[in-house]
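One chain comes next, on its own, written out as structure tokens in the form predicted on its own.
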């Protein structure tokens, strides 16, 4: 390719198609104004190409470049990061098309397009994204071929480049399997402030989890070693919230205090549940675990209130194994500081529930003989208060709803005595407030409850609409005990799922609707395919690679052995591919095989054919050396030349090949 050769009109269309194919999948990551600006730039370049008008002068493109860079910097407040960096590259690519004059500019556009194809995987690594990336690579490679020679038809160029890429699949597989895996993303860039993830937050206010329940996005998937536990045991523990300001519950900031759980767990128990959990990125540090869990996974620890935390925010898909034993007691020797934190309430607010809670304490103390005037904590009295709270909430006839009404300043009183409609966070918040007001330590636990088995692959799929909040109550001698206030009023929410507890007529996620079972079946199939891709391809990490190599007999591979193995396998693949290409080439040209037989026949007579020698010239020279067969040699060469270089139909070519074989036998 001569880099100073002018770009033709057809090559401009190829480059525009490449720009569209690599920028379109990235459009949803960019602000609307930038997408509109880039689209306008591409349309202008298309109009210039169609009308064959003169391109803008270079002196105009320089300020446009500075303006585009400045707008990206103004919007993101930085040029560092995935989204700001890709936004800047998209601006530069669109502006580069406005100065597309020579082949060197075309090569720059193609190389930039290849990088933007890679950038697509920084946001989405699913199967649809992979298929779009393959399409972009084929178009970009065809553009690179057209930059050298744009005379072939577009479909012929695309087909040729697709075949070239297919030939590279064996090398891709070898590199994928054997190339050293890197834990974490390949792009070691600071996280973008504008990137968002879906999932639980470190705070909970009325309506927050109800909003999350409108999403059917996957939170995590679970594969159990044995039978799936009953729905009532599927409490997936996440953030624990003790701080309350009168409206919002928040996670108490604590450092990781121990690498082991503060209780004894029998992994060999009959009710032990072993599972592998694949957690989707949610931007927080929590690791979801089934109550009650064993030791934390690698690169994780736990807090004193039993939050499993990763060493860093979970921004990529994370897979870990865990063992849980239900009904394991913990926290019997809880510290006074922790219990004091679980009793803290604002000084004022919600007077009605405070008054009810005070009567619970007085009645409980009188029953156990602890005095009926002071709020005195005794184990027996606390158990009686807990029972009184459960009976009270049951009598209130509270309704479970995905559309809870707004609450006033006294949120708990408004919910319990006013609207009587709420989601799980309303039940948990009111229950903990009432117990604390009665002098019983309690806190809110957020996480997920339940899940749905995908019948296609057997994985339990837990989605965002399975988000749930419940309470933990501390009782002397028993430690922290899980109490689910939602189950008191709406037990179907725990025994079945949240859809069965939602009143009819309320908006629920489309795929969760019971009357669209066929749609859920389609989703299950697609979800199983996506999960297989995640487990086998995206989940092929360093540990999986090490396990695979050990199965091959490579104990602890180092870079020298891996380099030699990669070079050897790639060399063998190259040899096989070359042999296949040569064989296919001869297979597709039977006339050439007949000519080679003719050349070998004359070689036995001492007449050597030279590869640079044309068929008629060689026949002339061969006839001089073998005059007895001069006419037959000339007749064969003429038939071969017509068959080889003249245009014939398929039927005519078949008869010509048969005639050529007869001419060879006559020599």
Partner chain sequence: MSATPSRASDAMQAVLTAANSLILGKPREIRLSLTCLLARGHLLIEDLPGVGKTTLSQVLAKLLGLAFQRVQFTSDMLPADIIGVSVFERDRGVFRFHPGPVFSQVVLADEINRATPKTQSALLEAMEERQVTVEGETRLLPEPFFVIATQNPTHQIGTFPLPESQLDRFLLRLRLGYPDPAAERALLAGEDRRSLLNALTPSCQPEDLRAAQALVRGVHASAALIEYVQSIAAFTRAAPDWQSGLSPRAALGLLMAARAWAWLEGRDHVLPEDVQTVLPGIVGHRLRAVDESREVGAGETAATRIIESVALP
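Because the structure is predicted, anything quoted here is derived from the model rather than measured. Just so we're on the same page, rigid core means the largest C-alpha set that superposes within 1.5 Å between forms. Positions refer to the first chain, counted from 1.
Just so it is clear, the following notes concern the form predicted together with its partner chain, a form of the same protein that is not shown.
The partner is absent here; in the predicted complex, the one residue of 631, 624, 617, 603 having a heavy atom within 4.5 Å of its partner chain is 617. Taking a 4.5 Å heavy atom cutoff to its partner chain in the predicted complex, the contact residue among 246, 408, 128, 154 is 154.
Note on the interface: of 26-34, 66-74, 604-612, 53-61, the segment with non-hydrogen atoms within 4.5 angstroms of its partner chain in the predicted complex is 604-612.
Its partner chain is not shown here, and in the predicted complex it never comes within 4.5 Å of any heavy atom of residue 653. At least one heavy atom of residue 592 is located within 4.5 Å of its partner chain in the predicted complex. Although the partner is absent here, residue 646 lies within 4.5 Å of its partner chain in the predicted complex, judged by heavy atoms. In the predicted complex, its partner chain sits beyond 4.5 Å of every heavy atom of residue 599.
In the core-superposed comparison between this form and the one not shown, residue 214 has its Cα shifted by less than 2 Å. After superposition on the rigid core, the Cα of residue 595 moves by 2 Å or more between this form and the one not shown. With the core superposed, residue 643 shows a C-alpha displacement of at least 2 Å between this form and the one not shown.
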